[in-house]
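Structure 1 and structure 2, given next as structure tokens, are two forms of the same protein chain, each shown alone.
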Structure 1
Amino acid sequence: MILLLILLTGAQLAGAQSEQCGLCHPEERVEHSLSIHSQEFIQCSDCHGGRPAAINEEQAHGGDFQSLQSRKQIPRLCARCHADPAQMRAYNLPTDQYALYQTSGHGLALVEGNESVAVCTDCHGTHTILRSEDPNSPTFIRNIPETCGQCHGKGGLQADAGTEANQLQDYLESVHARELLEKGNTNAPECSRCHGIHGAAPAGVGDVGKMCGNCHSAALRAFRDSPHASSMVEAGLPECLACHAHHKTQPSRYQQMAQACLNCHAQGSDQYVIGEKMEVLFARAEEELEHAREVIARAERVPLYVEDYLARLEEARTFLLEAEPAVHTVSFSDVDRFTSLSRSLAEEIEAEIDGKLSDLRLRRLLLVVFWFYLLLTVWILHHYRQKALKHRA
């Protein structure tokens, strides 16, 4: 009796709160129940229309019902709410996604009738739409490369269309991916940081520098002072990417500097020689810093007070770090200014510690003097001792 009562109340409550679609579509119902839309009481009929209270298919799929099989409808459907500032204000969400989408490579291709391009649901999911902050969401910052890679990666849709598609694989080898995916540094860029989110499009020649410069501002400033800046645009070269690989961006190593010049300049050319010279500047500064580090470690074992030297070593390292963006000017003197500062600071540290360590060596020398006076004292005491003994005798 009680069981029946509970069942009845349960059924009534369910009937009052939700729609009856789940009777025939249990999977979709479960999927939807996990989504942010379900939490905000957006129900099946809000997108699909129809008569949700009906319990047979004929009645339920009547009226303004739409199955949403056509991908072309989707952006506009989502925009009904997401482009409406009045509805989105409460969630503090932007409303320009639809407008941006229409300018994107995806949006433009869709208008032209290519229905295989990405629409909202390809990135955000269909029924289980989650907030971007949710780590399970395909649009969570660390999931974005995989999400884009569904099409822009080996075996993706783009590969089917016959275009080269290894952007994801290239990206995963890059320093940016290592930072983001392995170290969890969310300051490192995923795809959308360079290509845009809803307005995703490849950057044109002349824009690459601006894009990279959003983060690497010092390098961009130096680059713009260089003869490369104008000549690359004229030659149609993709600025930063001419030396640093495309999606496979690697941390810069000074040992590869001259090698990068060979991409455009001939071996033995003036430009190549400058590259080689700059390599030497870095190598010498790096070597000096390493030496200073060893000397400090030796002093620490004595132990001497080294905190001050450690701070100055950090300063020397900072100069070397500043020399890295300066490389983009391809001016020998600009790089030399920073590497020399770094090197001379390291040499200063070494000289000072060496001075203190040689003070320690002086102790051994003083030991000789010490023993001389000590033995002299012993001799005098011995003399008086003998005298005392003789006096006694």
Structure 2
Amino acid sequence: MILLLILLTGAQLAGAQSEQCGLCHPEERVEHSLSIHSQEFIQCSDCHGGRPAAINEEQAHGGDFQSLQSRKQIPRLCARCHADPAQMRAYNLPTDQYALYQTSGHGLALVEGNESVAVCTDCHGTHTILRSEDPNSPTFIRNIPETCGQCHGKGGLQADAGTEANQLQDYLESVHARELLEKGNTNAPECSRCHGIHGAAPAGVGDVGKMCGNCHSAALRAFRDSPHASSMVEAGLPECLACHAHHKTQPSRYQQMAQACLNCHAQGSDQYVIGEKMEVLFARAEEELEHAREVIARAERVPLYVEDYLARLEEARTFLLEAEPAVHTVSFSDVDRFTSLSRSLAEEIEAEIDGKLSDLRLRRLLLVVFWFYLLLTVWILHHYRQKALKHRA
């Protein structure tokens, strides 16, 4: 078996060496040598055809040679292997990429004759095709924003289509980008997590919530219980994006809750007032949690054992975190329930620690009084003893 593998490998290497394309295309030869295709013995002629053993350009570019100058050819070419289950089975790779691409915004535009849209080589590279797990690959998770930004950034191909939108810059200013690119949180979404990979397309009204719900499931459940769920779709508003922005998504801040309501509702309206009231609930809970934290820190300096209180403070913070998705129900009572639990737990911590600190202060005072009377007694006894000794003398 080992001998057979050696013979097969030798035959493949011999075939690779028989290709003379690098004589005229040395840069492409070097680029290809670094690719996963080269490692799997896929050579120039497998994509370009022709007569690779020839050293004359006219002969080499004869026969079934294709230069692939037309971008429209590329997806179908890649699909010859990547849509073939027999060839992809050994690599455990999906074979539906080409079918998905044809349904994407890119694929549909390409069929209509727009060759400026993304094709396989724009995202994966031309000759240096790398695994997506390779940090140097344009499809490595941290590199995807810049890869998409080639077209969807300032001066990219999308600008040729008559739009000035700079989705890349908007994304780089978002909380998602900070999580992924600065903190290294690979669970944070990049472009493909929301738009899809080979079937990339913008989510339509009615689907935005489902898309965001892949990560924010609690918020989605709460939103579906709200009056917004049906009214936004009926009004043609893209659910979550109507409040949280598109690519420039920012972390939710309760201080901006009522302000967000003004996107659709008038100032002073019932909806705006509910937003203001929920802001107050969050502010009071935050204030109580901060006070409890300060009380625990004071107790720790005494020192008192505070591990149990720290655990309970974390529980109080959890209740407040649960209040955040509850905001999407637009129900004052739902938010009040969680913020009240958070606030009351913080108040219990403060009361218990204050009680312990008061007991400790009382004990210290009693100890001071005890030592004062003890020392006073010793001094009196000493005084009388000295007086008695002088009297005897």
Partner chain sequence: MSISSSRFLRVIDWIERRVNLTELFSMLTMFGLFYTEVDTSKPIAEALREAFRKPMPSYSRWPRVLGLLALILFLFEVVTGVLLAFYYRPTPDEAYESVLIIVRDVDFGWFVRQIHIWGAQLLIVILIARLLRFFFRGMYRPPRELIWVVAALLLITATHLDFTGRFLAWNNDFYWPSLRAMELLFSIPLIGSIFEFFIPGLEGHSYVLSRFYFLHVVLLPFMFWLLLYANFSGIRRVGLSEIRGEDTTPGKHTFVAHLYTLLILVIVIFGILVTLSVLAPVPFGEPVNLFETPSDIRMPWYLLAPYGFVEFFPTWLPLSLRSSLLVILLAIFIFLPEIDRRAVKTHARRTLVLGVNIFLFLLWIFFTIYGRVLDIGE
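FYI, numbering is relative to structure 1, first residue = 1. Only a predicted model underlies this, so the values are computations on that prediction, with no experimental measurement involved. Rigid core here is just the name for the largest C-alpha set that superposes within 1.5 Å across the two forms.
The form predicted in complex with its partner chain corresponds to structure 1; structure 2 is the other form. Comparing the forms between structure 1 and structure 2 on their rigid core, the Cα displacement of L366 stays under 2 Å. Superposed on the core, the two forms differ at L381, whose C-alpha moves 3.5 Å between structure 1 and structure 2.
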